[in-house]
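Taking the form predicted on its own, here's one chain by itself in structure tokens.
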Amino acid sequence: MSSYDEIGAVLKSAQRIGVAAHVRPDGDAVGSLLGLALSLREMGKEVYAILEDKVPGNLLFMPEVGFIRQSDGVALDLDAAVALDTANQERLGDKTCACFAKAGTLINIDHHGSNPRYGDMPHVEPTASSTGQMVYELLKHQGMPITDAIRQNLYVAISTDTGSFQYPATSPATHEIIAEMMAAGLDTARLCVALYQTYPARRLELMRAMLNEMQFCSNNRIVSWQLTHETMVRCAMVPGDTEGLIDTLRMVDTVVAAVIFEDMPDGKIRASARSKDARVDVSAVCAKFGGGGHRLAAGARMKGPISAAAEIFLKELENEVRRID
């Protein structure tokens, strides 16, 4: 594994640098991307911050979010490229991979245990709370710029990927980083209002549909919901509207694992799984369908239709849950 010193040396010597994160970006992806890209820009680098997909609407409040551009599939003349929060290289997206094809060095910074350590310089820490935490540690360790905009973006990354500091991967170091950023003037209260208290009405409509349609199995230890195209249209859903809904399902006292199955535009089904018992490994279940992630949070893409995918996935998840009997 490449050290922060080795990665820092490459970034400091490079002039043209690409920074990207995974498809269907979440708070950790966007926050980590902006955090590193803005620091490199402060250093006078020529920086390309790119994503395969648009930034979801719920994250458009993030500072300098307009710095991110969508991948166009044209290879960039880069000295170095950085893949952030991306468990395997393919999840950067086809166009982003094409943009990075000529990069002199590919750096891979991630916290997913399933990451195969792709790229020329992988730095993977499965115990890290978030990629945002890793980016902060890199910037601090290497004496790279950390402005207020960078702090805001990295706070979003860390807060969202730790479930607002509830998940087991949240460590003393995680809280120390937040304390350091607050001491430097970071307004966490304002960011929390934007993140967790500013939802459009259509998201509440989605939540109502979820609560009406959720299904229990395995003696009420598993709860699932099938988010169909019909429901998306009825609720006028846009990307980002489902963020955090699965945590509501997981709140049920008897539940140890929750899954949301979602119809995708390409006909595939996206399964997003969460566990609140460390003995139930949802990443192992997702791996059976070509997916992966963390022990307590993972995902996979499956063949449709959604009802068939849900049936197959839930059988495997029930087998996993039975292990704790």
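Please read these numbers as outputs of a predicted model, since none were measured by experiment. Don't overthink the numbering: it's just position in the shown sequence, from 1.
What comes next is about the form predicted in complex with another copy of the chain, which does not appear here.
Partner proximity in the model of the complex, defined as non-hydrogen atoms within 4.5 angstroms of another copy of the chain, places exactly one of 166-174, 126-134, 109-117, 68-76 at the interface: 166-174. Using a 4.5 Å cutoff between non-hydrogen atoms, Ala80 does not count as a contact of another copy of the chain in the model of the complex. For the chain shown alone, Met207 is a contact residue for another copy of the chain in the model of the complex, at least one non-hydrogen atom being within 4.5 angstroms. For Asn88, no non-hydrogen atom is located within 4.5 Å of another copy of the chain in the model of the complex, even though that partner is not displayed. When another copy of the chain is considered in the model of the complex, Trp225 lies well away from it, no heavy atom lying within 4.5 Å. In terms of contact with another copy of the chain in the model of the complex, the residue from Thr231, Thr248, Thr147, Gln142 that brings a heavy atom within 4.5 Å is Thr248.
This chain appears without its partner; in the model of the complex, the one residue of Ala98, Val238, Cys192, Cys217 with a heavy atom within 4.5 Å of another copy of the chain is Cys192.
For the stretch 195-209, the set of residues having any non-hydrogen atom within 4.5 angstroms of another copy of the chain in the model of the complex comprises Tyr196, Gln197, Thr198, Tyr199, Pro200, Ala201, Arg203, Leu204, Met207, Arg208, in sequence order.
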